[in-house]
Each structure stands twice: as structure tokens, then as C-alpha cells.
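Just the one chain here, laid out as C-alpha cells, in the form predicted on its own.
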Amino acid sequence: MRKYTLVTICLVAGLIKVAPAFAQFPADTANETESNVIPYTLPDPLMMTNGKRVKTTDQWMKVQRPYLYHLFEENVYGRYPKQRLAARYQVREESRDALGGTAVRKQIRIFLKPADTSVHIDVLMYLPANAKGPVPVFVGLNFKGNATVQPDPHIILSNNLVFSSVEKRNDDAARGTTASRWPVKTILENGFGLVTACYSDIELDKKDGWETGMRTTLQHELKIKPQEWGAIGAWAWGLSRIMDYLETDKEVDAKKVAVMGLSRLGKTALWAGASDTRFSIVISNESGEGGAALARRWFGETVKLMNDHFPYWFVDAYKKYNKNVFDLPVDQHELLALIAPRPLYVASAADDLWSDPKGEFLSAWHAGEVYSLFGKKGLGTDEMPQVEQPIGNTIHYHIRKGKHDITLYDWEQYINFAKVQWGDANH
């Protein structure tokens, strides 16, 4: 049996046994001192409901994985719609000589409701201009609009609202304002493409965003009520619709698509990766509570604090565990395990204690036991690495210096990881 650090595993039907001392989880307080972390018990991802442990990949894929996935749907993220829509794709703009001749730029509109052209996702793509064949790509949602990704005057300004501290629309002053998070030049030079869309196209990131978002506008087509899933689920579902388009674009290698995200969009990327196995690499950048970090660790943000501030991200059932997190039938190492055997990268930042870097690391470590079923190696150690000393195999992890953000250092690690996982430096 795998060695566990500060954790014991219950071997009875995968359920959690809580000692009386655990009853008062300090849910309203964010602890940022490691010595204050209280003991906790993690559910065993390999323990089936019949009391037997998973021994084969067939058991995992056919029995245990669907069971755990349903628990996440029911208790955390809500239903992930399986209904396929008759989407329509419009190339709004294309240049074979973008960014000084180094890139192909495409701007695609994905219409998701033929009778209502206002229901759409606007996708911005950059591919290397010198590509000799289909290109592997990174796909991720952005926070503040496509125009903010690059100071490129040809990016079409959206009429849609974006939500940051205030609701507004992109204008010329917004161009390139988040370019540090999207090092397009580096991505292209390494032979990869970048695909992005603004998460506000899917649903505004606010309490009543669902009223005008796709959880409402597409509820009849998807046969799902807005309350049956949260905003994280909606944004993740939108990533799958972008994946649908990528499968039609002959300039993209749809077998080599890495889904990634920062913060709440890191949570989104993990749920998209668990729900849609077409994403061949999954990357979580400082996704924290409700993402890669263990819920049962009292460190940084707690389930209650997150639900208090962002009650619309998850389903209402998640709120049952605000003060009873030890009763939650799953924990985030099991979300990461749902991605097996596909490559997974989890990243933290040293000054981002709110996201619980150690909890993110431990979650990735514990997910490795499922990867081992497939003959894949996980992190290889239960000792958290030093700052900017990446570790791992099919599961990778690093913690870098600095604050909650995504930086060039992070991207360099993801690019190198993708090169290794996808076979060779030339893809």
C-alpha cells in the first residue's frame, strides 16, 4: 500500500470515518500556518462500494471512475450536459501573416443556438506560421476578453460584457493588458498554438450571471435546468464546445490538445479534463479550493469561504459541506485521479497561501495511486519540492516564487511537459 503523509485512508466502502475531534472543522477561518493543520482522513479512490479495492484498469474505467465522477456531479459541480448541439462555426477573420509574419491568426465564432445568434463563443487562435502539419495546441479561457491577450490591433473587440471588478466591454485601451499571462511568442516558437476565449461569453462571473448565461439560454436544448449545474460546470462545458471546433480544423492536431487554466479557470480546466477525455493533457495553475487542493486540509480557503463568496460556482448540494467537510464523499485527489491515465500538471505559487500549495501537491501525490494502475508514474515522491524545482512523471508538479498568477516560468514548464508527453520536441 502506498505511503501516506499526515493522512489515513478508510478501507470500508470508500467512506470516511471521522473521529469526534474532527467534528468542529473551523470552516469560517483561513489558516495559513502549517503547524495548525488538523488531522484529516481522505477517501480511498480505489475502494469500491462493495468493500473491495480496484485491481485493474478495467474495473477503474467501467466501475469506479463512473461512480466517483457521479459523486462530483451530485455534490460539487453539477451535471455535465451530454446533449450535443447543432453548432455552427463562422470564420470572422483570418490572417496568414499575423504578429510580424510569425503566426496564423484565426477568429472563430461558435454559434450554439441557430435560432438566436446572440448565443455564441468567440475564439481567438494563434498557430505558428511555419508549421508543416497539424499543430498541437494549448486551450484555455481568459478572464478579461480576447483583446487583452495580445496588443494586436486586429483582434476583434467583443460586444459582450466582461467581468472583472466592474462589468464593461473591451475597448482599444484594453488591448494586451493581460499579455504577460499569454506568452504567445514563446508558445509559437516552440511549435505550439494557443486557443482562447473569454469565460464571460459563456456566463458572467457573478451571482446572477446564470440569468443571461448559457445555463439559461440553452436550458431547453441541453435538457438541463440552470440549478442543476454551476458556473464552473458551464465554463468547462464551453471548453468542450471549443474542442468540438478544434476537431474540425485541419490545421490543429486534435489528438494533442492541452486544456489549462488559472485560479477559478484552473478549477474549470480540471472539471473539463475529467468530463471530456478528448483533452489529452490537463493543467491546473493555482486552482486551489474546489480545484486541485484537498478540501479536508484546513489551510487557505475553505469550502465554506468559497461558497460564501462564490455560491454560484457550484451546485447547492456543495453547501451542505460548508461546516461538515469531512462528510463530503469525495476529495480533490479523486478529481485528479479521474484524469488518469492522461498527463496532468499541477502548479502552485509560494506566496499564494490562499490556494494551499501543499494541499495541491498532496492531492497530486495521492492521485498517483490510480495512475499506477495504468503503469504510469506519478510524482515519484511524497516530499514537496523546493521552489522552482519541478518534479514528476505522467503527473508533474512545481511551486514557483511569487504570487497568484500565471507567468512565463509556468508556461515554460507546461511547454516542456507537453513536448515530453506528446512524444518528441518536434511533436
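One rule holds for the numbers: they count along the sequence shown, beginning at 1. Values in this document were obtained by computation on a predicted structure and should not be read as measured data.
Form predicted together with a small molecule: not shown, discussed below.
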Within 4.5 Å, heavy atoms only, one stretch in 77 to 85, 299 to 307, 239 to 247, 107 to 115 touches the small molecule in the predicted bound form. Which?
299 to 307
Looking in the predicted bound form, is the small molecule within 4.5 Å of a heavy atom from each of 267, 287 and 313?
yes
Can you work out whether residue 404 and the small molecule are in contact in the predicted bound form, taking contact to mean some heavy atom pair no more than 4.5 Å apart?
yes
Contact of residue 142 with the small molecule in the predicted bound form (heavy atom, 4.5 Å):
no
Any non-hydrogen atom of residue 178 within 4.5 angstroms of the small molecule in the predicted bound form:
no
Partner proximity in the predicted bound form: residue 322 to the small molecule, non-hydrogen atom cutoff 4.5 Å:
no
In the predicted bound form, the residue from 158, 263, 217, 280 that sits within 4.5 Å of the small molecule by heavy atoms:
263
Would you mind picking the one in 326, 138, 354, 72 that has a heavy atom within 4.5 Å of the small molecule in the predicted bound form?
354
